[in-house]
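Take a look at this single chain, the form predicted on its own, given in structure tokens.
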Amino acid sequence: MPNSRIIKAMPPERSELEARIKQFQAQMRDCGVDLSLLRQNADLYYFTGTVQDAHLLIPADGPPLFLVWRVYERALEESPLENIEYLPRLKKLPDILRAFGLKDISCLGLEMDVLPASLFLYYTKEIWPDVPVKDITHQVRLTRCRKSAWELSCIEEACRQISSVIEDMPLILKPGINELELAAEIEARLRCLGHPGYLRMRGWNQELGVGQIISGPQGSWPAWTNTPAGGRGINSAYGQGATDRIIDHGEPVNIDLGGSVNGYVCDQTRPFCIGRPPERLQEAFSLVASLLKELEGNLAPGIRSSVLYDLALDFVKGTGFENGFMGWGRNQVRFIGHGLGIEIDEYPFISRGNSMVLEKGMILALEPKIALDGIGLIGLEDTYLITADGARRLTLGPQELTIL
């Protein structure tokens, strides 16, 4: 295995977190929320620099309060925030809130998309009874969708992480190898480069490891995940991803990987084939490659997300590949791209009917893919930074179907 180069952990500085909190507080004031309570891991990491079992309380004005149950000592070590207190048990929460002047509020903000119902009922019935509640999910995600220079540097490192593995594919993808063996080789290289081995997703019940390694006809099989395809997987408990099937000559091998550095992710897909692929597959790839170039050329601040999605549909219309575009038949997904950051499904979504406008500093992936019945999945995916005058591709390497 090639020499490993683990990226040194680089936690965000206090100034970085303070800037994020101020941006979020402005969002809170705009929607009339005077206290937000955050519990979800990705949001906690974004605003505190650490993931613990904790309550982060952000008032519309003033410094936040970080109440940590597990693990308080690690929170002190890993987070640069000032107000970090130990929360011995949930029943102590009202007393601590009262001591910090956070008990009497007029409107409470909660992450309604991810907060368990039991916690919602506890907070709204026991801690803040009769206090109006607003969902601040959108405000959190809006704050997170514009990346700082530090966040960009992490994602660029994640792109280099994936690139080094893609470059090794001619050493790994050999006749006689099965999908699980290929996936294991790829994951081993990523882990040696510091990849944690999984990617965060916000969507409910969405699960993902380092990506999807799928080949041949099963590559176009749908899964319950909101993805163009998923593969069959090794069993029905995790019905997606690699199996023990041996990869045959002429079959598409879809290598869809997410890099991860300091919690920040990129997304890249490259197709491979052992031996010459069938003409139908090559035609589909030519369409995908042309579409990706067309989408790249239209990435710019001010363009509405749905315009890009509609452009993609119009591009594919009349080509004979419509029924397999972004999934097979009724299992087609209704997006062509998604935002990236701490989670792999952040704002903006390049999707049907989405009115969100692209802004400078957003980072997103474009992933045109075509499922071919009886053949498999073929596609490309790259990660882009929206700049003042267009977009810059962050993922590396040629956008091609590699024939080994």
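The numbering used is simple: start at 1 and walk along the sequence shown. Because the structure is predicted, anything quoted here is derived from the model rather than measured.
Here the subject shifts to the form predicted in complex with a further copy of the same chain, a form of this protein not shown in this document.
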Does at least one non-hydrogen atom of K293 fall within 4.5 angstroms of a further copy of the same chain in the predicted bound form?
no
Can you work out whether K147 and a further copy of the same chain are in contact in the predicted bound form, taking contact to mean some heavy atom pair no more than 4.5 Å apart?
no
Contact test in the predicted bound form: K360 vs a further copy of the same chain, heavy atoms, 4.5 Å:
no
Can any non-hydrogen atom of L90 be found within 4.5 angstroms of a further copy of the same chain in the predicted bound form?
no
In the predicted bound form, do R39, R70 and N235 all reach within 4.5 Å of a further copy of the same chain through at least one heavy atom apiece?
yes
Looking at heavy atoms inside 4.5 Å, which stretch does a further copy of the same chain contact in the predicted bound form, given the options 120 to 128, 269 to 277, 313 to 321, 93 to 101?
120 to 128
Answer key: of D248, D168, E78, E283, within 4.5 Å of a further copy of the same chain in the predicted bound form (heavy atoms) is E78
Counting any non-hydrogen atom inside 4.5 Å, which residue from L287, A183, L108, I84 sits next to a further copy of the same chain in the predicted bound form?
A183
Can you list, in sequence order, the residues from 201 to 222 that come within 4.5 Å of a further copy of the same chain in the predicted bound form, counting heavy atoms only?
W204, N205, E207, L208, G209, W221, P222
